[in-house]
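Taking the form predicted alone, here's one chain by itself in structure tokens.
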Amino acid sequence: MSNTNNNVGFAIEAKRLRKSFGSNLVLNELDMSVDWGSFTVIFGSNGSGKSTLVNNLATISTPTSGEIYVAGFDIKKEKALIRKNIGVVTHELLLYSDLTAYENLFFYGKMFNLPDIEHKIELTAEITGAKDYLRKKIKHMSHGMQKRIAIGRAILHDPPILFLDEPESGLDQEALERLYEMIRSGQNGKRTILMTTHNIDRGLEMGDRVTVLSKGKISYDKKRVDINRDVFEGDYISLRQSQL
């Protein structure tokens, strides 16, 4: 995994984070911190700001105000260093449709100056179940297979921090199982993972920390071991209704 600034403090930290789109305030003075090696799951209704939060933390978009530190680096000054330490899977696949899967992964490998790129591509394709599709152009693939390639792109450089924004979207059952197996094998207290999802059962199964985003802020934050599934579902439904 990439070298971080230091492993003292938090893997991800946001302070007074605000993001507006015109007059629409999506993130409102949001504060959060994510420990190294943890798996944080963020629940929230559509429009709650989950994707906006991930995009801000992952340097894809710029916050209106506030502070963000990822892997110990300041997002205002050290975006390039942050990008070396993160993998990102969002609704946008971030793939070049006219290139093959192999060409896409090779391009990203070159961006990260990876040694032995060919071997890493083969290994990543094996993990994601995309080995037979490496020579096929992205535009000729199903959405599910494109998503597998996007996941491969995100983990190709073995980042210490992984952002997953509703990664199950568009995946068939086989791909879902491969995804979650990849997540399990890649974490083990080593990789920090932040994942948004609507799937209560899967989120509670995967995460060791559970949060809910509502009205632009983290309105619920507990360790998984302290959560009763049925009680949480009731609390979550109430928070979602309050968002309306």
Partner chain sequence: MKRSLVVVRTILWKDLLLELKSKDVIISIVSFAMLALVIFNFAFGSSSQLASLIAPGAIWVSITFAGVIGLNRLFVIEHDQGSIIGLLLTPVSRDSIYFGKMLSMFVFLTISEIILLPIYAILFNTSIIHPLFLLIVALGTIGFASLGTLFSAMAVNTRSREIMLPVMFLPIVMPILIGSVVASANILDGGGWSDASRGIHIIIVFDVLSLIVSPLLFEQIIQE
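Numbering follows the first chain given and starts at 1. Think of the rigid core as the biggest set of C-alphas that the two forms share within 1.5 Å after superposition. Quick caveat, the model's predicted, so the values are computed rather than measured.
Separately, the form predicted in complex with its partner chain exists; it is not shown, and the next lines address it.
Novice: If contact means a heavy atom within 4.5 Å, which one of 60-68, 190-198, 210-218, 34-42 is the stretch that engages its partner chain in the model of the complex?
Specialist: Stretch 60-68 is the one.
Novice: Is there a heavy atom of Leu95 no more than 4.5 Å from a heavy atom of its partner chain in the model of the complex?
Specialist: Yes.
Novice: Is there a non-hydrogen atom of Arg83 within 4.5 angstroms of a non-hydrogen atom of its partner chain in the model of the complex?
Specialist: Taking the distances in the model of the complex, the answer for Arg83 is yes, it comes within 4.5 Å of its partner chain.
Novice: Residue-level question: is Lys79 within 4.5 Å of its partner chain in the model of the complex, judged on heavy atoms?
Specialist: It does: once its partner chain is placed as it appears in the model of the complex, Lys79 has a heavy atom within 4.5 Å of it.
Novice: Taking heavy atoms only, is Ser169 within 4.5 angstroms of its partner chain in the model of the complex?
Specialist: So Ser169 does not count as contacting its partner chain.
Novice: Going by heavy atom distances of 4.5 angstroms or less, which of Ile127, Leu99, Met141, Leu134 would be at the interface with its partner chain in the model of the complex?
Specialist: Of the listed residues, the single hit is Leu99.
Novice: Could you list which residues of 98-126 come within 4.5 Å of its partner chain in the model of the complex, counting heavy atoms only?
Specialist: Counting only heavy atoms within 4.5 Å of its partner chain in the model of the complex, the contacting residues of 98-126 are Asp98, Leu99, Thr100, Glu103, Phe106, Phe107, Tyr108, Lys110, Met111, Phe112, Asn113.
Novice: Does Lys139 shift between the shown form and the other one by 2 angstroms or more at the C-alpha, the core having been superposed?
Specialist: It does shift by 2 Å or more.
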